[in-house]
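Just one chain is shown here, as structure tokens, and it is the form predicted on its own.
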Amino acid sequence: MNIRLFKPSLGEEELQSIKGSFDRSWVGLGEKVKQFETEWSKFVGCKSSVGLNSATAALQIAVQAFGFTPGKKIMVPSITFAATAFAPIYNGLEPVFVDVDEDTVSMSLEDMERKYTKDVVAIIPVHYAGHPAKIEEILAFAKAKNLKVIEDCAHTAGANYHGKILGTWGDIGCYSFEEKKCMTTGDGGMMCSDDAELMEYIKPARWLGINKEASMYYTQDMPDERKPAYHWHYEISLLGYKYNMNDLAASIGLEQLKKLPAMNKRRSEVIRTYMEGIKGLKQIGLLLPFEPEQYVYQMFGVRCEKRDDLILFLKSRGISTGVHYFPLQMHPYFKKWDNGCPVSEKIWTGFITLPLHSSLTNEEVNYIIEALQEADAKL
């Protein structure tokens, strides 16, 4: 067998939806994007959503929206994708790397408190692999220190945590629809918030600062019959970027959103099968305290002290693997912000990501489990 690590689940429905955009000859930012934003808001239970071309863009604009003073700091976990830490840097701020909890690989509350200074203005918790960060405790800390909270939900879509969807707890939630994620638009992202004023800033910020709903102050004294001549009018009042989602991506997203509950259910079934299959292995254990009945996971993984040997063994069986991630402060670019994260630097060396997507067959999952069992006996 040759089993992919990640794989989008796409079908005829997405093709027909794209065809609709082709037939309308409108493939840029248009009504499909608005429709997708509306449907996403309903799905997660928030007041407003904005579609973008990536979660990276969402994180950058989320930080920009608060207008933080350059040089201030934002706390991010040391184990996450680079986009989380780039968000403050893009905005002239500094990342503060917070060590992770050894079991959940999400932000350590103790290290967060230890590294807090008065220059910190926000926290970006990551729901790593889809497992919830300690969001209630993080919000309580943030409230006490008057900090903003931007949830990085790149690894989850639709998970209910204590009665609220992840991404709706903080000030802003940012989601990813990149091809490896729980659902996809090819590339793409979404932001959501209940703060109407914040989202009104974000809408033009993702489209070069263009606001077509501006007051048109110089037409206010015009006779009403002349105003329709200004349908072309727009105003630019802030620094914006070309980060908008387009109707082609939204066409895919609308169909993927319909399928998301079923895809999430299948991913949970696969995780339960994995968990049962590796139970009792001596050298291979779970990456996280997975709770597939409760949460939505984009990744599944294990821990093994002989990680490289296990990766090579699985590769010989045609099973793709990955490592998500090694600590950001260990990358050359981020070294200057290394402030000491010993737990993350200790645990990442055993991380192995295994195949997880909704198209995995039972035969493939059982094949992977048998390979893990065989490897455990040999390592």
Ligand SMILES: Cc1ncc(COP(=O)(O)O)c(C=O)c1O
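Please read all numbers here as calculations on a predicted model, not as lab measurements. From 1 onward, residues are counted along the sequence shown.
Quick note: we don't show the form predicted in complex with the ligand, though the next part is all about it.
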**Study point:** Contact test in the model of the complex: A62 vs the ligand, heavy atoms, 4.5 Å
**Key:** no
**Study point:** Contact test in the model of the complex: E178 vs the ligand, heavy atoms, 4.5 Å
**Key:** yes
Check your understanding: Is Y295 close enough to the ligand in the model of the complex to count, meaning some heavy atom within 4.5 Å?
Key -> no
Review point. Is F81 a contact residue for the ligand in the model of the complex, using a 4.5 Å heavy atom cut-off?
Key: yes
Check your understanding: Among T321, S54, Q329, S48, which has at least one heavy atom within 4.5 Å of the ligand in the model of the complex?
Key -> S54
Revision key, fill the gap. Note: exactly one of V126, L166, A122, I252 sits with a heavy atom within 4.5 Å of the ligand in the model of the complex, namely V126
Review point. Which one, 283-291, 230-238, 256-264, 147-155, holds residues whose non-hydrogen atoms are within 4.5 Å of the ligand in the model of the complex?
Key: 147-155
Exercise for review: Check each residue of 298-335 against the ligand in the model of the complex and list those with a heavy atom within 4.5 Å, in sequence order.
Suggested key: Y325
